[in-house]
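Single chain ahead, by itself, as structure tokens, in the form predicted on its own.
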């Protein structure tokens, strides 16, 4: 055997041993990275959580409640070339001029090409607090803060003259966080109840399964509407927020509990569980250290596919006025401003919230599908 063949054989053997020694989660990560759709969904969700949940105050040019005189103004797009054909490295926006439409008797705002306002990055603006406790006046972009007439509305304004882009970012914080927090409660209740039911059996199993059947006997949509209407209207927004989140989670945990119960029923007879029992491990340790971790691959997939459903439920309840209500800003409350023919006819830019909802839902679905495939790394 030549020296080259020996070297090649050693390299192939090392690679083969490395592949065999890879853990389950390493194989899951390796297969997940190969799915470009799932990676794209993960990247989009990371962008949403960075721009909306964590740093909305930085990316939003104005505070969510800042009112201006520009009522239902159309969007002002960034430009690099003016009407005369002159190119500028610094983007700018044209000013807005108020006019009265004599046919509809409606106040409108048209582009005034005689006024040019350059766009600056990392500018000082209205003081806000990142995550509610970190004060800052720095915003990603904006116009000259010393010029009161200089405004930039890249998605227009609402019926009170508030910047719609800023409000969409702030609304995304509430809607995305409700989806994540409600699914967390949903997982804690569903996994714990399902694991206890499958491990103990007997009366515990009967009681928990009858509760899940009772919850599943009600049509979901009327039940959500009834629970949303039961929330007192005089409650502060924070209390309503947590109540809506808990209601969304507590109504839907039954399906997950039944799935986890089936997995635990099959897993409690495995050798590692019997070994733990023979060594005197407590029931609590067996459930939380052996049985529940064995179901995590299934639970993670369920969670990623459940979050978009929770976001849509919150949006629907808030849209009908049964969830979060103004002045709390969420994607559902923002859609309330576009629930009339007049709004769609004269202010179609109020529907900018819809693409954000669709992209967030599609991103979660793409991530969930990718995780579902990656969790079975041995399949082709």
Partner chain sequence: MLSFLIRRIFYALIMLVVVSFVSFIIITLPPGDFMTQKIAELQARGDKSAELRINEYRERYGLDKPLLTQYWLWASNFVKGDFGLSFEYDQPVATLLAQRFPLSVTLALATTAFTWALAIPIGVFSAVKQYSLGDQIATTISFLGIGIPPFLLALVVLYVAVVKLDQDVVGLFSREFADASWSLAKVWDLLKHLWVPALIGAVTGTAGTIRIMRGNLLDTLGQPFIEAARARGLKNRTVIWRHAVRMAINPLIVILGTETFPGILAGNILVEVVLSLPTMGPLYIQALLTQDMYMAGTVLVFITMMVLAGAVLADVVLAWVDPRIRLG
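This is a predicted model, so every value here is computed, not measured. Residue numbers count along the first chain shown, from 1.
Note that the form predicted together with its partner chain isn't included here; everything after this is about it.
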47, 185 and 189 each touching its partner chain in the predicted complex (heavy atom, 4.5 Å): no
Heavy atoms within 4.5 Å of its partner chain in the predicted complex: does residue 357 have any? yes
Could you confirm whether residue 118 comes within 4.5 Å of its partner chain in the predicted complex, counting heavy atoms only? no
How about residue 338 - does it come within 4.5 Å of its partner chain in the predicted complex, if we only consider non-hydrogen atoms? yes
Would you check, heavy atoms only and a 4.5 Å threshold, whether residue 315 touches its partner chain in the predicted complex? yes
Out of the stretches listed (23-31, 39-47, 330-338, 58-66), which one is close to its partner chain in the predicted complex, meaning heavy atoms within 4.5 Å? 330-338
Contacting member of 140, 230, 81, 296, with respect to its partner chain in the predicted complex [4.5 Å, heavy atom]: 230
Just give me the residues of 288-324, first to last, that have a heavy atom within 4.5 Å of its partner chain in the predicted complex. 312, 315, 316, 319, 320, 321, 322
